[in-house]
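Single chain ahead, by itself, as structure tokens, in the form predicted on its own.
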């Protein structure tokens, strides 16, 4: 394992984040804080509890997942797309760097940024609503697992995209709707029986449900199923990446 190569890629990507702190860190945190103001403080004060949890506290795991999914995909897809766009990707591919080392560097940096943002939002939420974390180890583990999963997914999107507009198609047209329909602001048990069944085909439901369990010990689906679904998604992304590097799909002319 070429640790020097991994560190070089990882350091470069992290340095780019710290050069644009307002865009990379401050903007997502401020935007998510507005959700707490509107939904947690304003609307939440007029709503009843959900599963015995105040509404403002109930939406915290969902909002963190909403941020985590979007930022993980965005950071990873942009991180690999820009070298492809400028042509510097060929320097990396011709260097003594294996595909695994390349993925660890880019995906590791994207996941690190997302985890930092998630923890910052978690701390910021304390300013607006009171909450508790019953299973902090599981919460942190699920946070990291989700960030890695969707950073891998974003890495795949960054290789697939042929232009800047394609970088936004899947996050905006697929991931965002699935997140809002995945129980970010409500429990799926509040839906009619038919729609509860339909919602179970939404993979984001399992992410939000498992993450919410780590906070309050309650979830819409068993936490074991949430963990299995996350690991299956991880495996699928790794299989796709293996195929990409084996065939040179959109990486080699």
Partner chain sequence: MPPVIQLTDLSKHYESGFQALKGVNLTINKGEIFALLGPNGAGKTTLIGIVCGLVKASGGTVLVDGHDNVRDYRAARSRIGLVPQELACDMFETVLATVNLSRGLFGKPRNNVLVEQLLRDLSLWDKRNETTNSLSGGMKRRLMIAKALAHEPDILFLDEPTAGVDVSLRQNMWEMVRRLRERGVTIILTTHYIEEAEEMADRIGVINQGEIILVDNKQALMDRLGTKQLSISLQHPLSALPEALQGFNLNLKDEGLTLVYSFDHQQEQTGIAELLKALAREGLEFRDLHSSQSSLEEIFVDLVQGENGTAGSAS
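No experiment lies behind these values; they were computed from the predicted model shown. Numbering follows the first chain given and starts at 1.
The following text describes the form predicted together with the partner chain, which does not appear among the structures shown.
Judged against the partner chain in the model of the complex with a 4.5 angstroms heavy atom cut-off, the residues 4, 90 and 93 are in contact without exception.
Put simply, residue 98 is close to the partner chain in the model of the complex: some heavy atom of it is within 4.5 Å. Using a 4.5 Å cutoff between non-hydrogen atoms, residue 242 does not count as a contact of the partner chain in the model of the complex. By the criterion of a heavy atom within 4.5 Å, residue 9 is counted among the residues contacting the partner chain in the model of the complex.
Residues within 4.5 angstroms of the partner chain in the model of the complex, judged by any non-hydrogen atom, belong to 98-106 and to none of the other stretches in 146-154, 98-106, 178-186, 116-124.
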